[in-house]
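A single chain comes next, written as structure tokens; it is the form predicted on its own.
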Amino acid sequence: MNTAYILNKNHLSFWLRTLKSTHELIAPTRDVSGDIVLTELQRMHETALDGPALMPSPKEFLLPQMEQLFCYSEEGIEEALNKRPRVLFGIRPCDLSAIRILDTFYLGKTKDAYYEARRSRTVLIAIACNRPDPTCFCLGLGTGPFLKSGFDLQLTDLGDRFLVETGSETGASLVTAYPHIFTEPKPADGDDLYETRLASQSQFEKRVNLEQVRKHIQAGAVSDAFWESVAVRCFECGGCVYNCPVCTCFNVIDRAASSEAGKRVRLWDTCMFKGFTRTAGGVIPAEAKINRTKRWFHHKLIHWPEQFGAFGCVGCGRCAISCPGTIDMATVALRIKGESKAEEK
């Protein structure tokens, strides 16, 4: 059972300053162009919690876009494990749900030591979504706009105060250490929380049931002609996968500094690119764009649930923003649902 507290907004800066004294504090801030980005917080008043839900994904702080794995030389190999304690503050519930999915991939039977080093030292503090974006559809997936578990702390904006829920012992310790600013909620706070959640749920413009779509695909109701119509609209820009908080594909390369020394790095990659499956002999099994496009959707809608018990999508809507061909997850899912209904008539 989560324990709830009230934090007056006037005390937020003090609390964040104390967190920053012991952790690297990552939070949403507004850059010089006015965009909201996740970055290390330097000045507490720069925290931007009033922005849209579609902030950049926090995935890069657990799985960097380019990550040095180790250096090698004649003296041996030196691993580059990142062991700094870190707080990810103000991330959205859908992104926290995405991190939980990444955990199942990278911390399963075969643990990824580099991901584990970051994840085990990272505190996740989410802020619930009072105002979902038009592209969001997390409600139908249970990945937002409010979570019941999986967080260290979850904050809900109640106007002049936050209702703070603890979800782990680590999160609770960051609250109970400051009893002078975290107080017990009153019955009115519970009423405001209930109304806030109802208001948030009513604002969702997209209602997408991926389970229905999954069943249609498994039943063979989605033809290759449909997937061809999707693939022809793909520009192969990689925007959907690079902005996806759940995609896990990467490549590993060596960068030599000399004949005796260098470093090994891994980089984000994507199965949507033709060269991703290129073999040592130069053969590309998924050279046709339809195969790559179809595989990406099948991977997220069919294989992820089979292997990990969850869709490879949290309904954040980032692919809808980044895809110039309008073949994002929600759009394609709604098309499949629409075509299936048409066939039933």
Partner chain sequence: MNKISTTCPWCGCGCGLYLHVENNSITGVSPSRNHPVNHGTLCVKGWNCHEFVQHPDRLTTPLIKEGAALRRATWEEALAKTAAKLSEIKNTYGPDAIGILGSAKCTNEDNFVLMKFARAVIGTNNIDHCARLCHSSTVGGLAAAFGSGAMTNSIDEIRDARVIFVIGSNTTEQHPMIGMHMLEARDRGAMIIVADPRRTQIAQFSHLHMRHRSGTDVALLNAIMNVIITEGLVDVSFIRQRTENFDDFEKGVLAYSPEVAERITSVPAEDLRKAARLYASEKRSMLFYSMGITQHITGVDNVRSCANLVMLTAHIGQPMTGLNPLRGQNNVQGACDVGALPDVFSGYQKVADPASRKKFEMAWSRPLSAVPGLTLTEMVDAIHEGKIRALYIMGENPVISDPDSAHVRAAFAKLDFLAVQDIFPTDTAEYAHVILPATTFAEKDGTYTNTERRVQKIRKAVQPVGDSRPDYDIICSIARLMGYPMDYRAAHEIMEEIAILTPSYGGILHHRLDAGFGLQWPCFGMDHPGTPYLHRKKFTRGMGAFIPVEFIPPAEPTDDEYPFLLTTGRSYFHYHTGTMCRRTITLEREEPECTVEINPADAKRLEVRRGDPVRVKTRRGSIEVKARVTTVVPEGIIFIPFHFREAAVNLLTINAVDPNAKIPEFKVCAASLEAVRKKPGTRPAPRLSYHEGMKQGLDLYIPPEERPSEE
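Because the structure is predicted, anything quoted here is derived from the model rather than measured. Positions refer to the first chain, counted from 1.
This protein has a second form, the form predicted in complex with the partner chain, left out of what is shown; the following refers to that one.
Residue-level question: is Ala199 within 4.5 Å of the partner chain in the predicted complex, judged on heavy atoms? Contact check for Ala199: no, nothing within 4.5 Å of the partner chain in the predicted complex.
Classify Phe105 as contacting or not contacting the partner chain in the predicted complex by the rule of any non-hydrogen atom within 4.5 angstroms, answering yes or no. No, Phe105 is distant from the partner.
So in the predicted complex, does any heavy atom of Thr279 sit within 4.5 Å of the partner chain? No, Thr279 stays farther than 4.5 Å from the partner chain in the predicted complex.
Is Thr18 one of the residues lying within 4.5 Å of the partner chain in the predicted complex, judged by heavy atom distances? It does not: once the partner chain is placed as it appears in the predicted complex, Thr18 has no heavy atom within 4.5 Å of it.
Looking at the partner chain in the predicted complex, is some heavy atom of each of Arg233, Cys237 and Ile321 within 4.5 Å of it? Judged in the predicted complex, Arg233, Cys237 and Ile321 all sit within 4.5 Å of the partner chain.
Could you tell me which one of Arg121, Arg264, Lys274, Arg100 places a heavy atom within 4.5 Å of the partner chain in the predicted complex? By the 4.5 Å criterion, the partner-contacting residue is Lys274.
Which residue, Ala188, Ala219, Ala177, Ala257, has a heavy atom that falls within 4.5 Å of the partner chain in the predicted complex? Among Ala188, Ala219, Ala177, Ala257, a heavy atom within 4.5 Å of the partner chain in the predicted complex occurs only for Ala257.
Only one of 178-186, 107-115, 145-153, 266-274 has heavy atoms within 4.5 Å of the partner chain in the predicted complex; I'd like to know which. Heavy-atom contact with the partner occurs in 266-274.
The partner chain in the predicted complex - contacting residues of 82-118, heavy atom within 4.5 Å: Asn82, Arg86, Arg118, in sequence order.
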